[in-house]
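Take a look at this single chain in structure tokens; it is the form predicted alone.
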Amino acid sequence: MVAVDRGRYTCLVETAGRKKKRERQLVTAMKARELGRKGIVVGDRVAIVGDVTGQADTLARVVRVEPRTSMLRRSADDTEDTDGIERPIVANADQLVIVTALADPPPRPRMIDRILVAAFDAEIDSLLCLTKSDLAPPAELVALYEPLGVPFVVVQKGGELEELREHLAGRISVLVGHSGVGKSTLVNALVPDANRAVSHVNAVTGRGRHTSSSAVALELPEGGWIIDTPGVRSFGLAHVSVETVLASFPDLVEGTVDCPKGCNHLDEDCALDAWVAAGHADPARLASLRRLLSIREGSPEPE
């Protein structure tokens, strides 16, 4: 599944052509009634029937969704409707690329933390892609995530992308980031015929506007796929357990050994305070963990 738009599904189908040569074509399909409310997202592998010629005005039917190797999700949070409902983003990706600008707009570490937790929950690898390095140095942000062992690449508009291409080659990577960080510019550079609309940052609010309205999978010239997603302004974690959130902070896990049974790691009797005070972990990491856990509890995230 390479695109989903208002009940229409665009599938890349491989068929046996002349002289048994494999041929690929795009086919538009609709979901079969038998699938009921079962959701279909970009990255899904599906079975389709009907007209699969891909010709104009033809329509096939998706009759089965194959088992997924991964599913990246987020939840609605305080910036939306506080219902905590899971929002599936993409299926079967094996790498999540967190695209964040070093300036204009400034980086949002709390957003990065939340996306990292979602990647950990989905059991897919993470990569930090730091854009606009011509406007600000990356050292401070890189140092914040170095203890977690998160790999990173640094790029700038018009600059070389070879290191990033090496990370993407042969993989299915989903690109996630809030609006205005240069994600669409990056996609257009990686896939020259992608023609993704480019946004601009509001000088007053420091936010970008949404330009991509839906996720789309694009094949890389050197092999592999990238899935571009709409810019997000929030990334809820209501669907993620406390244990999963904690496990994504390996520098703090050992400190919970002395926590009382059922500790939510937010109360005064949590052993993590003493663990950090003894110098075993950075206080900023504990603060970040507790922000995430507070968000799960429904507390608003401060800007």
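Note that the coordinates shown come from a computational prediction; the quantities given were computed from them, not determined experimentally. Heads up: residue numbers just count along the shown sequence, starting at 1.
Keep in mind the form predicted in complex with a small molecule is missing from the figure; the text below concerns it.
Taking the partner from elsewhere, every residue among D134, K157 and S179 has a non-hydrogen atom within 4.5 angstroms of the small molecule in the predicted bound form. Contact between T100 and the small molecule in the predicted bound form is not found at the 4.5 Å heavy atom cutoff. At the 4.5 Å threshold, heavy atoms of N92 stay clear of the small molecule in the predicted bound form, well away from it. The shortest heavy atom separation between S173 and the small molecule in the predicted bound form exceeds 4.5 Å. Although the partner is absent from this view, S126 stays clear of the small molecule in the predicted bound form, with no non-hydrogen atom inside 4.5 angstroms.
Only one segment in the set 182-190, 163-171, 114-122, 143-151 has residues whose heavy atoms sit within 4.5 Å of the small molecule in the predicted bound form; it is 182-190.
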